[in-house]
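Just the one chain here, laid out as structure tokens, in the form predicted alone.
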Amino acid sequence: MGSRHFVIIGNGISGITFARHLRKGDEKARITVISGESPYFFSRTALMYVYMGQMKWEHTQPYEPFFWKKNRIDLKQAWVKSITFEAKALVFESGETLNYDVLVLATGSKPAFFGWPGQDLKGVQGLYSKQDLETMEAITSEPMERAVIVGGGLIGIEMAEMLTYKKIPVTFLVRENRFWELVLPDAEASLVHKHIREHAIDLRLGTELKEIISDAQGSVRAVITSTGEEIPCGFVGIATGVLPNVDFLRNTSLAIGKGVKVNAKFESSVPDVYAIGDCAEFEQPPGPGRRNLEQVWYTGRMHGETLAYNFCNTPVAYQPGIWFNSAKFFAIEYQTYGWVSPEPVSGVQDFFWEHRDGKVSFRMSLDQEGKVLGVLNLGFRLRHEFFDRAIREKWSGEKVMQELGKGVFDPEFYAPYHQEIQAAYQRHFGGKIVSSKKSFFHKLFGASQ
């Protein structure tokens, strides 16, 4: 370890986690974090709560301002215009330059737009950055007849909740035949559909955006759908996914695909240049069932931890462990651990239970030997460490059920759903896993109560 200058572009969860852990392991390193978006690291998932008035902007900052000086992490608010890799120099939009010894790219994502006519009109935007939040606040502060959200995923449901909170009617266009079709099985998607519509949202499944129509001032007036319908609106939220934020890195010597190409140690094609978080694209998926792009908060944190470890210890390859994700659909919490297919799969047994109120469900996928592959639950919380261990150690479905009470988070605040789940499991399997080469999805769908 020496006094090398580490420059990190991006102050999101990946970049800041790297900076923090590098400082813990290397007292001599000079660390500079650069971001044009905001002067301080903030919780991106809190943007919606700022919009709804439930938090102030300063509450989104996990660390007090003195933290950075105390840990000798220099912060610079600026936009990087270009990078000269041969000279190890950054050029800012202001014309100022900065040299580095090691460069870590943690530039995150940007909303994905797909060339719709009118997508550049005022009132059309995604929701990713602080600037996106500010623009959305300004536009929707004016009275409007309706807003339209395009795209059936997590950002879309957040935007719908934000607008509904401000009492702006929302039409939600989802291209697929069910919400979040690449993740949620049909039963869970149906549960979410019902919940969305209970909030007076006009959910349109199997409907795409065709065109956005302008008014005389260059703002949104309406959208045209794939069915030819014109829907008047004053705001269009684009939630059709995100793309790595790497456009300013193209046409350089750096290998770029969808994101910055990296190996399992986050090394790019250019010496002393690394990429982590949403902007990093692995040359090979980092594990079974994983993807080349991992654009999830908790994986970004793991990227930062692993890269910092590698600079302070003998380098290791990134080991992502068991897949995990969580979110909320209005009041319904969602968690998933391991692998759960959204469609029936031959050789995979699916145990599914739904509570009679239609707002709580639990799914467990098992292999042909009855070993747990993954779980997906809605409406209550499970303990991360419990299911991470169960999947990693390949517990049987029976063992998971026997211990399920230990896997429920804060059971005193929730109804004892695990008892009903255990009873449903016993009714269907009699305590034994029934082997089959076909999926049990349709048979077990009857487990709903």
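Residue positions are given as counts along the sequence shown, with the first one as 1. These figures come from a predicted structure and were not determined experimentally.
Although not depicted, the form predicted in complex with a small molecule is the subject of the following passage.
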* Asked: Might Gly108 be said to contact the small molecule in the model of the complex, defining contact as any heavy atom within 4.5 Å?
  -> yes
* **4.5 angstroms heavy atom contact with the small molecule in the model of the complex for Trp297** => yes
* State yes or no: in the model of the complex, is some non-hydrogen atom of Tyr318 no more than 4.5 angstroms from a non-hydrogen atom of the small molecule? => no
* Find out whether any non-hydrogen atom of Asn245 is located within 4.5 angstroms of the small molecule in the model of the complex, and reply yes or no. => yes
* To do: Please state whether all three residues Gly358, Leu376 and Gly379 have a non-hydrogen atom within 4.5 angstroms of the small molecule in the model of the complex.
  => no
* So which stretch, 71-79, 173-181, 144-152, 212-220, is the one near the small molecule in the model of the complex (non-hydrogen atoms, 4.5 Å)? -> 71-79
* To do: Name the single residue among Asp388, Glu403, Asp26, Glu37 that comes within 4.5 Å of the small molecule in the model of the complex, judging by heavy atoms.
  => Glu37
* To do: Just give me the single entry in Thr135, Asn263, Asn325, Ser190 that has a non-hydrogen atom within 4.5 angstroms of the small molecule in the model of the complex.
  => Asn325
